[in-house]
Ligand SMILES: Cc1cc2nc3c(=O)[nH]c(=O)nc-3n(C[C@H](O)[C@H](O)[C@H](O)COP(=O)(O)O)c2cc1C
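One chain comes next, on its own, written as structure tokens: the form predicted alone.
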């Protein structure tokens, strides 16, 4: 079996692997980042440095849960670094000195032209290999910073240009998902000189309501606020935005650093297949610690060996051409599911879901606790998705609609999304 190489040159910067900590509470001081580097992370995007020093609330984290699972979504009301830019510069200098082969990306955020220029110059002097411009934090206490700026294309282009004029290292613009078309500010960042974008930052949210205090969670002295949502639940949204970035005519070939719900190596592979060249992680580290990078690297290497890839460039972006407009989908056939009765436990979930939520295409034998798929089936596959038994319901016969010519149809075989 061929030896695989997990390293990649991203924006001209050599990375020993594509896995970076994203700018967040998981990488805001020397002790944390040195531990992460020792654990095997390829690099970090240091927690956002600003002239503004955050004064944080308590508590500031909460979660969104579903029965039988760890949390699927995470709410974060924390802002940028609580240290001065001078203190952060010293930390970055020491990290770069002690870990010269690791990549020091540094996230910065100003509130005006002078602050953006200052931060660009000083973090470059401190040893930043890459600068990431935070145009996307959804919980800043000033409208002159964060996601409010990231939705203003004029400011995105202007501030990006100012940073590029005050540094020699690659500049990445971090995009907000709190917008309809992420491509619009991304194009503005490119015009301003950015070498890439990173996407997505957290999604504005109310994670839930505390009925005792009649306010959102977490409860801060009887009230709460809208703030950023992350974790596994946001991955589908992140993948959608990355696909749109990679397919836009004005962003063809424009590099992307992927963020949003990466917990497993399978998640990472999906981001890479959609064209991300770098993978950022935060919420998974909050759950499992820095050692999760071992699983990410090992799983990615296994995937590459299994598919005959020796480098990341062999498969980055391979899924992009197969994301097409819905009007172009082949609608000439129906795939009727089949039931393996040796595996069926007679729970009735497929019948209930089909009758109450789909096309009433499953009959139920109450005496035998046995479902039967009827000719009314339209091939929606709701039954397959609600069945609790692995491979009990799978794709079956392909039926072509009246008047449609039979042809080869590629189908999905893997429905086990969990590691």
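Numbering follows the first chain given and starts at 1. Quick caveat: nothing in here was measured; it's all calculated off a predicted structure.
If you look for the form predicted in complex with this ligand, you will not find it shown, but the lines that follow are about it.
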Given that the partner is absent here, state which listed stretch (312 to 320, 160 to 168, 79 to 87, 240 to 248) has heavy atoms within 4.5 Å of this ligand in the model of the complex. 79 to 87
Among 23, 61 and 259, does every residue place a heavy atom within 4.5 Å of this ligand in the model of the complex? yes
Would residue 201 sit within 4.5 Å of this ligand in the model of the complex, counting heavy atoms only? yes
Exercise: residue 280 in contact with this ligand in the model of the complex, heavy atom 4.5 Å: yes
Taking heavy atoms and a 4.5 Å cut-off, does residue 286 contact this ligand in the model of the complex? yes
Although the partner isn't part of this model, could you tell me whether residue 192 comes within 4.5 Å of this ligand in the model of the complex, counting any heavy atom of the residue? no
Could you tell me which one of 234, 187, 104, 335 places a heavy atom within 4.5 Å of this ligand in the model of the complex? 234
Here the chain is shown alone; which of 74, 265, 116, 290 has a heavy atom within 4.5 Å of this ligand in the model of the complex? 74
Listed by sequence position, which residues of 303 to 342 have a non-hydrogen atom within 4.5 angstroms of this ligand in the model of the complex? none
